[in-house]
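Below sits a lone chain in structure tokens, taken as the form predicted alone.
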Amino acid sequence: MNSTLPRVRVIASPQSWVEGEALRQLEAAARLPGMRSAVGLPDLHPGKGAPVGAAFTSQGVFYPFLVGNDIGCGMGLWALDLPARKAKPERWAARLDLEGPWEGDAEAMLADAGVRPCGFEASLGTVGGGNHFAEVQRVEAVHDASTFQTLKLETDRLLLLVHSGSRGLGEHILRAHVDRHGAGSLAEESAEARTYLARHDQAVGWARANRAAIAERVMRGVSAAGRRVLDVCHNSVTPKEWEGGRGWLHRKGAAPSDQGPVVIPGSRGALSYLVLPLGDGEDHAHSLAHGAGRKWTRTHARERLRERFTPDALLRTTFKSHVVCEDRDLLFEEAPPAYKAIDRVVGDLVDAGLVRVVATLAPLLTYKTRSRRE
């Protein structure tokens, strides 16, 4: 087990706001037995016991509570065959409905992700709550034409970005661990570790299938076909080798920098950034920001924004895009002012030499939730 002091790094410029509680959580996690490093990304913010927007490495042991309950949560990007000039976001907003069980072949979708049914398939193809979404986007600008072309993207075609995870499955797995071990670690060679990792990998695959099912539902709703460009997970624990050793890499709200291009979304009223990771990844735990990161708590957002906006005002954005969110509290909790500025978050990654911007993507339609219909 590592006996040296763990290294703590926060990748954020002086212009970026990082809450003190998030820093405290990062440092507390770094002091856990077996920890090797703790890295806070520019979207770092407080979580439930551990920070979000952070990556950690350890040796000999790993910590499921650092991954959290939405194991496998991530972002998937699809290139649609729909020309931007044919976008009908107002019409789509009126009719698109992703609530209720998906009517597709769940077993086949899961098999494509390398996993088997596990009893949570009634939630497959549903977005979930919190900061999850499905968003139809247009290309705003291309900054790296070579990489853009390598990904076989076209400036006049729409894109679909899906952010969702393993729904109730991840919560079930974490609860089983916490009931026995609390926030404690698992020794890497133990039977408990093998059991958790098998369940963890099931949830990661399930979440990938969930994003694919959501994408299929959206594409059917907007009368389009599409091709998956990328799919990356930002909540996981995986084995990792580094110079002079090996151990475990935990990501909690941290996109991978070792799996090719990723999309870093802003709030629903901001651009998303398609970026290409740079460097060897060693000094930032092979991880990047996964989004803008919350600036205000959900309670604070509700209280402040109800004084400034009507619900109807939040159903359109400064990009004139449409928002589907029939949960009144969630509408205010997820409003753009509740999040950090995505251009500053990505700017910090660029300034640190961690990414190159490939393209910016603007929202046309953001789907959060419908009221559950009888």
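The model shown is predicted, which means the values in this text are computed figures rather than measured ones. Numbering starts at 1 and follows the sequence shown.
One more form of this protein exists, namely the form predicted together with the DNA; it is left out here, but the text below deals with it.
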* Does the DNA come within 4.5 Å of any heavy atom of E216 in the model of the complex? -> no
* Asked: So, in the model of the complex, is G129 in contact with the DNA at a 4.5 angstroms heavy atom limit?
  -> yes
* Is N69 close enough to touch the DNA in the model of the complex, meaning at least one heavy atom pair within 4.5 Å? -> yes
* Although the DNA is absent from this view, report whether R167 comes within 4.5 Å of it in the model of the complex, heavy atoms only. => yes
* To do: Pick the stretch from 142-150, 254-262, 115-123, 194-202 whose residues have a heavy atom within 4.5 Å of the DNA in the model of the complex.
  => 115-123
* Asked: So which of R175, K86, R304, R95 gets a non-hydrogen atom within 4.5 Å of the DNA in the model of the complex?
  -> R175
* **Answer option from R138, K240, R298, K295, heavy atom within 4.5 Å of the DNA in the model of the complex** => R298
